[in-house]
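To begin, one chain is listed below as structure tokens, in the form predicted alone.
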Amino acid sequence: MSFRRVLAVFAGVLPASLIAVLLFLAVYSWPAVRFNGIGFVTSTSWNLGNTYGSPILRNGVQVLPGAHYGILFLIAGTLLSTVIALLIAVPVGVGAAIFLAEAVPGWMRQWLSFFVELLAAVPSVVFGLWGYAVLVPLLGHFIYPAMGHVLGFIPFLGGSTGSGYGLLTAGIVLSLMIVPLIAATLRDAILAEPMVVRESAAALGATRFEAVWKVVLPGVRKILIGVTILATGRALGETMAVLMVSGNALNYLPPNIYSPISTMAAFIVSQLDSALQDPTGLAVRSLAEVALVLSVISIGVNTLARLVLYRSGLKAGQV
């Protein structure tokens, strides 16, 4: 019984930590929540106010004159860049996993898998520096103008292609960071599927590709959904790499896929120094409210994905 209690304590540390963080953010940001109201998530105006002026009292909170905080542009940048990253990373990760598990000899698989996993160990700031030095000039000078010329008739793909910093660039960098996670996890799941499954499909006349696509992959769909949840969390919370290639735009919604953006995580880092200049402390508490909203979004996305996973299990008769 004591052993079970010890395990229960260890198992409870993680949820307790999550609750503690959320409680801290809620309590610390409460003055900002009172001041900002619902406009915090519906407006696109972030203004610290006159930092040389004397604080005034508004809604029962001391603020600088002209201060206003709205993060709709941050929510849009965060969600759109994450969606783009997943749209790129999931197909590429699934394809890489199938290739590593089914299409290469065993000795080569070990080396290729090693390099895939090594890519996951690269620090995010290195991805950001590479994106800044290589990807941004390449996309801004060559790829984006060509895309705008050929695909400009499609909504959200037309208009000014900018200088290379922006939404699509951030999505591409994020996708490179989460592809190894998807590929490595799904590769192991595919290799763990019993050989009899493949042999049964072949006996029914399926080709090797059909066996993998129609029999093996459906058997690991829970793993795919689970690793996609982890990848989504990584993309939502990424900071430095996005900060270096997104353009760090303020107070407007992106008119097209090439436009500069800001994400919530990157914005907290970039604005913390300025927020500390606010003598009332409301700017820092508003950044804590940004962190609270980001946490709620992450929890909501994970909960939704878990529900999808649960429903898929019910339909398959596995839950």
Partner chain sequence: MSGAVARGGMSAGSPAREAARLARMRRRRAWSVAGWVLCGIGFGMLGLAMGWILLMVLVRGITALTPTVFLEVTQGTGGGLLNAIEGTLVIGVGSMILAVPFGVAAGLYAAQFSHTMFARAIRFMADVLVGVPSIVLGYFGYVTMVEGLGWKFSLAAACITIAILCLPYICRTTELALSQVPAAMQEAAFALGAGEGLVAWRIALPVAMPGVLTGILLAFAISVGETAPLIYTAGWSSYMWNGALVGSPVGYLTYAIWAFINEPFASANALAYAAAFLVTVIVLLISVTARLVLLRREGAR
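Residue numbers count along the first chain shown, from 1. If you're wondering where the values come from, they're calculated on a predicted model, not measured in any experiment.
Quick note: we don't show the form predicted together with the partner chain, though the next part is all about it.
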4.5 Å heavy atom contact, residue 227 and the partner chain in the model of the complex:
no
Partner proximity in the model of the complex: residue 25 to the partner chain, non-hydrogen atom cutoff 4.5 Å:
yes
Taking the shortest heavy atom distance, is residue 149 within 4.5 Å of the partner chain in the model of the complex?
no
Please run the contact check for residue 83 against the partner chain in the model of the complex: heavy atoms, 4.5 angstroms, yes or no?
no
Interface residue in the model of the complex among 154, 192, 133, 87, criterion: non-hydrogen atom within 4.5 angstroms of the partner chain:
133
Between 95-111 and the partner chain in the model of the complex, list the residues on our side with a heavy atom within 4.5 Å.
95, 96, 98, 99, 100, 102, 103, 110
A 3 angstroms or greater change in CA distance between residue 233 and residue 7 is reported in the model of the complex. Closer or farther than in this form?
farther
Direction of C-alpha distance change in the model of the complex, residue 11 to residue 185 (at least 3 Å)
farther
